[in-house]
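Given as C-alpha cells, the chain that follows is alone and in the form predicted on its own.
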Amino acid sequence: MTQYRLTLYVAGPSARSDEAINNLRRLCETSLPGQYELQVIDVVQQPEAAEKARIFATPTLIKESPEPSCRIIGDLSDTARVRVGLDLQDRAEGGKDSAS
C-alpha cells in the first residue's frame, strides 16, 4: 500500500486557507483513506519552512512521496487537476476504476 506524504503551505487563518485544507482533506479521505500523511504549515508562523521549501504563493501543496514529487498552487477546488497532480487518476472515487 502506497503511503502519500503531503505538505500544504497556507498563509494564516483565512477563508482561502480553510478552503484549501478542507478540499484536500476531503479528497484524501475519499481517494486515500488511511494512506496519507498530511502536514499543514502556516507560512506566517513558520517563514523559515516556506523559505526552505521555496514557497512563493499560497496555498501550495507539495506531494513529497511517492515519487515523482509535484507542486499544486491554489485552493485545490479543481479536484480533477489535483487528482492528476497527485497521480490518483487510476484511483477513482469509490474504487470503481481501480485495478486489483
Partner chain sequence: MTSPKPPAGISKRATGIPGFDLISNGGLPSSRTTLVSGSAGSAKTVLAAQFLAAGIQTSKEPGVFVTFEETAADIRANMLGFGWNIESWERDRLWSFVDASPPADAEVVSGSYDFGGLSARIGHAVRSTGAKRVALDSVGAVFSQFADHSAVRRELYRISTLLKSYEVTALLTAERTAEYGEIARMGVEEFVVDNVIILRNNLEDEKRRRTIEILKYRGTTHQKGEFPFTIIPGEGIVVIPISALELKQKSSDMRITSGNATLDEMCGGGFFRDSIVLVSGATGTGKTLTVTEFMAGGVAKGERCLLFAFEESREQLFRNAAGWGIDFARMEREGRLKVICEYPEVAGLEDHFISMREAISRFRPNRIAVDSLSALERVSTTKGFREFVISLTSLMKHQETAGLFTSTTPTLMGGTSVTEAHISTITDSIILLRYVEMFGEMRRGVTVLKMRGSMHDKDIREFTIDGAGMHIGRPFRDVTGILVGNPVHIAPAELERLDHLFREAGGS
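In this text the structure is predicted, and so the values were computed from the model without any measurement. Residue numbers count along the first chain shown, from 1.
There is another form of this protein, the form predicted together with its partner chain, and it is not shown here; the text below is about that form.
Though its partner chain is absent from this view, in the model of the complex it lies within 4.5 Å of a heavy atom of just one residue from 41, 73, 32, 38, which is 73.
Taking non-hydrogen atoms only, residue 27 never approaches its partner chain to within 4.5 angstroms in the model of the complex. Residue 18 falls outside the set of residues with a heavy atom inside 4.5 Å of its partner chain in the model of the complex. Not displayed here, its partner chain is approached by residue 77 to within 4.5 Å at the level of heavy atoms in the model of the complex. Remark: residue 66 does not count among the residues lining its partner chain in the model of the complex, judged by a heavy atom distance of 4.5 Å or less.
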